[in-house]
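First comes one chain, alone, set out as structure tokens in the form predicted on its own.
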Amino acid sequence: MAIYGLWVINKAGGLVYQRNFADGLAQLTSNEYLVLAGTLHGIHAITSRLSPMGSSSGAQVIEGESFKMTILLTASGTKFVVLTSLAEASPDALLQKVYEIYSDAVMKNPFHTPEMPIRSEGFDTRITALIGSG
């Protein structure tokens, strides 16, 4: 069981936070992470429209050969994405905790500008305590 990384994507598809926690995935440049976040945002928008059952919140889990991405879409349109090993049962509770930390440490910070990169030591510290060092 491994947690490889955490991404926070704003409602416009921009990557506002990215952190790796374990080895196992390819090391990418900052620009490559930005492109991947924008691509995931587009895929998520498309999958939310494809549901045969009416309205949908879009893709929630995307699995690869050696990892999976679990996505939490918030009411404000912010997406929290955790990359884990396939053995990770269900990181939904983890994503909910990350969202709570984001709400407390970032959104309640009067110096943070919404939709901009997260530069909060309090957020980093609490994420480290939740997931581990990266």
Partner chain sequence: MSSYAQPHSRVSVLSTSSQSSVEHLSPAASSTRFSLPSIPTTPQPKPAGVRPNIYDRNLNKTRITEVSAAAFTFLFSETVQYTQKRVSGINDLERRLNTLGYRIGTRVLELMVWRAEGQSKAPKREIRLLPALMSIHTQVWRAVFGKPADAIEKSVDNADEYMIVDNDPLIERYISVPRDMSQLSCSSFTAGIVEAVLDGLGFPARVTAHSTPKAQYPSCTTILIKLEKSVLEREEVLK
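Because the structure is predicted, anything quoted here is derived from the model rather than measured. Residue numbers count along the first chain shown, from 1.
From this point on, the text means the form predicted in complex with its partner chain, which you will not see here.
At a distance threshold of 4.5 angstroms between non-hydrogen atoms, Lys11 is out of contact with its partner chain in the predicted complex. Mapping the unseen interface onto this chain, Ala45 falls outside it, with no heavy atom inside 4.5 Å of its partner chain in the predicted complex.
Contact annotation for Arg19: none of its heavy atoms lies within 4.5 Å of its partner chain in the predicted complex. Contact check for Asp23: every heavy atom lies farther than 4.5 Å from its partner chain in the predicted complex.
Residues within 4.5 angstroms of its partner chain in the predicted complex, judged by any non-hydrogen atom, belong to 104-112 and to none of the other stretches in 104-112, 85-93, 69-77, 36-44.
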